[in-house]
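First comes one chain, alone, set out as structure tokens in the form predicted alone.
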């Protein structure tokens, strides 16, 4: 099998993996939150059942608008394609041709598209949720900039596949600067995924779903599925770089070829489940912040990648 065909196969595998794991991870999240809060909770596959029901319902829109009809499909397809760009070491998907800036700003583009859609709707709750989301994205830009620059300077590359491989070398991850950057990746994934207490944009008890309020049926199903795919992609970044990459470096000395890729993919899936479990416990223990206080942790957290960048520049 030539290189092009092999990459095509892995792209298809990664898309199918993302399409399956995104709702399963959300089901695990809901189950663990229920256990922590001493509730029975839904079954593990409840999110898949919810999506199936939404896709079977006839959507009802407040008014006919091509922007409202097309945007859910654009957002969903974009997230589905980006799921094949998840940087897994020795698994050659779209990550071989993507760089970190392209991936993160493609995710931000989708967020901006949702914000614009919410602001365009004649609904005060949608407008309020979109305004909060826009403010979060604006503040979050500083955090992303420091993290990307720090990692690029440390690894001497922005290519996602290169980062996934290089991160696992002992000379890279066994440094103080890399520890700070690794912590910033996990924080970035948690905040940008809009887990509690950073879910101000949707905030069901306050703005009733925010930008998604006026959508129902398959349109809301597409938005929900896209959000789950976005969370899967964001979670995959720290999991693959920080946790899987060192293990993959060890496996590479033992096996090679397709077997190495399959083993690394299995390790990646296992660490995804473990990390989501930790995130779910954290989310279950924290209430939603008041809006005017929610951005202080974002600003304080941006200091972490800045410290990593400075330490990397100093050779630490």
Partner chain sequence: MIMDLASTLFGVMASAYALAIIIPLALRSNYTLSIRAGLSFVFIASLSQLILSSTIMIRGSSACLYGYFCIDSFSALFLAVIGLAGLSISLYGMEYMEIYKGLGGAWAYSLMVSLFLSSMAMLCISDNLLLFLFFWEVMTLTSIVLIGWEYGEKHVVRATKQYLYTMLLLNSFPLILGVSMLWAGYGTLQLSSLEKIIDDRSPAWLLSIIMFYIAFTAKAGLYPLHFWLPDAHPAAPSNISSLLSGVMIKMGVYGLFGVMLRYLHPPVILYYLLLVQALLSIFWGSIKAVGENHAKRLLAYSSVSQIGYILVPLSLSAITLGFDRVLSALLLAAGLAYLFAHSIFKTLLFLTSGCYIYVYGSAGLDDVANIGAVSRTAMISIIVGSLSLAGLPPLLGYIAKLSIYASILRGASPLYSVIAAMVIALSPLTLLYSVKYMAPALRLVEKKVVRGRIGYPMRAGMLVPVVLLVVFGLYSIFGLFTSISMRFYGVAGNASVEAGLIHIISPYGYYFPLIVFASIGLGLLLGYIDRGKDVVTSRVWTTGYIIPPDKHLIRPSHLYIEFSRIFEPLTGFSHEVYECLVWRIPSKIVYSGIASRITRFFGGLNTWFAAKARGLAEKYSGIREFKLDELAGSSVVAAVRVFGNMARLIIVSPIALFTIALLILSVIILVILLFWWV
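Note that the coordinates shown come from a computational prediction; the quantities given were computed from them, not determined experimentally. Residue numbers count along the first chain shown, from 1.
What follows is about the form predicted together with the partner chain, which we do not show.
Proximity of residue 38 to the partner chain in the predicted complex: non-hydrogen atoms within 4.5 Å are absent; the residue sits far from the partner. Heavy atoms of residue 174 never reach within 4.5 Å of the partner chain in the predicted complex, leaving it off the interface. The shortest heavy atom separation between residue 42 and the partner chain in the predicted complex exceeds 4.5 Å.
Under a 4.5 angstroms non-hydrogen atom cutoff, the partner chain in the predicted complex has residue 313 among its neighbouring residues. Residues within 4.5 angstroms of the partner chain in the predicted complex, judged by any non-hydrogen atom, belong to 218-226 and to none of the other stretches in 162-170, 218-226, 188-196, 236-244. If you take 98-134 and check each residue for a heavy atom within 4.5 Å of the partner chain in the predicted complex, you get 98, 99, 101, 102, 105, 106, 108, 109, 112, 115, 116, 119, 120, 121, 122, 123, 124, 125, 127, 128, 131, 134, in sequence order.
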